[in-house]
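Take a look at this single chain in C-alpha cells; it is the form predicted alone.
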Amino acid sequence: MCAKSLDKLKKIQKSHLCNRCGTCVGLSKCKIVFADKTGKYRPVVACEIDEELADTLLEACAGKDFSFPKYTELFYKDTEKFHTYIGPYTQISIGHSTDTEIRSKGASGGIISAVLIYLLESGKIDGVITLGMSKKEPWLTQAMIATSREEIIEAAQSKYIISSVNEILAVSSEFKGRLAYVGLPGQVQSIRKLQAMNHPSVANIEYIFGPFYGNTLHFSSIKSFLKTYKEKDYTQIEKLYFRHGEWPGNMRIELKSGRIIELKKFHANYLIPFHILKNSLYCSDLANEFTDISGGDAWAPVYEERGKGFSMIIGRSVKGQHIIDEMVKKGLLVANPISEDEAIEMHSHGYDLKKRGTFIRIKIRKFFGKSVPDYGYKVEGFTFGRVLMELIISTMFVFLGTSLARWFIERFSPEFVGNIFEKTRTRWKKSTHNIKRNKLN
C-alpha cells in the first residue's frame, strides 16, 4: 500500500498536477523537501516514508483531485446561494478597508488584511498563517504565523511567484492558540481535505480566507526581469514587491546597491506567458470557493479610474459573512452588495479562463494521454470558436515557455515589451469579447 501511495505521490510531484501547495512537505516534517526554490521548485522525497504517512499525503493532495460538489456540501450546508462559477456564497459586495494604511498596503481594497487585523485585535484568533517574503532570502516567499498588526500588513499584497504556504503545517500545528489561514485555491483545498479527515495538523485553524487566483509564475520570471535591466545576480535583491504603490501598483525590486527597478503592474504581466506555472492552467477555481471570505480586485472602469483599490468581497460561510457584517457596523469596512450577474461580468475574463478554458485544456491534456485532475464536475458545451481560441492560447503558452522565446524577449526593455503586451492584450480581449462572454451567465 505504501509503495503504491508513494509512487502515485511521486508521479504527481513530477507532473503539472503539482501546485506546490507544500502540504506533503509540511506533514512529512522534512522527509519531503523543496529541492530548488529558484529553479523547478518541486517537492522531492528525501527520506524513507512509512505507509500511514504516504497514504495521508496522497489523500490530502488537492493536485490530483478535489470534489467541488462533495466539499461544498460538507462545508457550506448553511450557505443558501450557489453558482457554478462563483461557488457557494452568502453575499457579494464591492468595498474596501476604511483604514487608509491597510487599504494602501493591500493589493486592492485591503479587505483580507483588515479582516485578519480585526479578528486578531478582537481576540477571536491568536495568529495568522499567511505568506510573507523571506527575511534571509528576500527574493523568495515564506510562510509565516503573524501575531501582530504590523506583521499582517507586512505580509499584505499578492505574490506572483510560486509559494507553498502549507509547508508551515509542521510548525503551525504546534501553535498554542486559534489561527486564521490565508492561501490560494489549491492550498485552501488541501486544508479542507485535511479538515474533512479530522487531521490534527489543522485542528487549530478557525477561519480560512484567500484571494482570487489567476496564475503563478516560476522564479525564472524574476531572473529574466533582472536580466533585461542588466542585473544578473538575484541574490542582490533587498526587497521584492509585486503591487507596490498606488493601485493597481508596480512590480518593484530594490537592490543592495541602492538601485530601484520598477515597472507598471499591467506591463509586468508580459512575464506571464513566458514563465507561468503550468498547473495554473488546470486550476478551475478563480474566486477561491472554499474559503470563509474571499476577495479580489474590482475590475471595472468606475473603480479603476479612481487610482484607489476596491475589492470584490465574497462572504461564503455564515461565519464569514457575520465577520463582514460586524466590521461594516463598526465602520471598519465599506461593503456595498452587488448582484451575481454584476460579479460575473466584472470578472468575466477570469471566469472564462478558469471555468471554461480550464476544462478545454484538461480535455486536450487527456487527449495526449496525460493525467488530469478530477474536480467532481465538468463544464461542457463549448462553441467551436471558444475551443479554437483555447487551442491558440495553449499553443502560445507552449511556444512562449521555451528557452528560445525567453532569450529573445530578454533582448528588449520591459517597458517596451510591457507596453506592446498591454496593447495586444487589450485588442485580444476586444476581439474575443463575444466569444468569451457568450452564455457566460
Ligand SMILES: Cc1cc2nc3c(=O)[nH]c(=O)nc-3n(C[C@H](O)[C@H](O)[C@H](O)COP(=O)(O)OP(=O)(O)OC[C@H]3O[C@@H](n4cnc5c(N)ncnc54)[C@H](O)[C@@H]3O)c2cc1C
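Source: prediction; values computed, not measured. Sequential numbering from 1, following the sequence displayed.
This next part talks about the form predicted in complex with the ligand, which is not shown.
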- Query: Are all three residues Ser113, Thr216 and Ser311 in contact with the ligand in the model of the complex, where contact means a non-hydrogen atom within 4.5 Å?
  - Reply: yes
- Could you tell me which stretch in 200-208, 127-135, 317-325, 72-80 has residues with non-hydrogen atoms within 4.5 Å of the ligand in the model of the complex? 127-135
- Message: Between Leu194, Leu140, Ile168, Leu286, only one gets a heavy atom within 4.5 angstroms of the ligand in the model of the complex; which residue is that?
- Response: Leu286
- Find the only residue in Tyr89, Tyr270, Tyr85, Phe212 having a heavy atom within 4.5 Å of the ligand in the model of the complex. Phe212
- Query: How about Tyr118: is it within 4.5 Å of the ligand in the model of the complex, going by heavy atoms?
  - Reply: no
- Query: With the cut-off set at 4.5 Å between non-hydrogen atoms, does Phe359 touch the ligand in the model of the complex?
  - Reply: no
- Task: Please run the contact check for Leu184 against the ligand in the model of the complex: heavy atoms, 4.5 angstroms, yes or no?
- Result: yes
- Contact flag, Leu179 vs the ligand in the model of the complex, heavy atom cut 4.5 Å: no
- Query: Taking the ligand in the model of the complex, which residues of 331-368 have any heavy atom within 4.5 Å of it?
  - Reply: His347
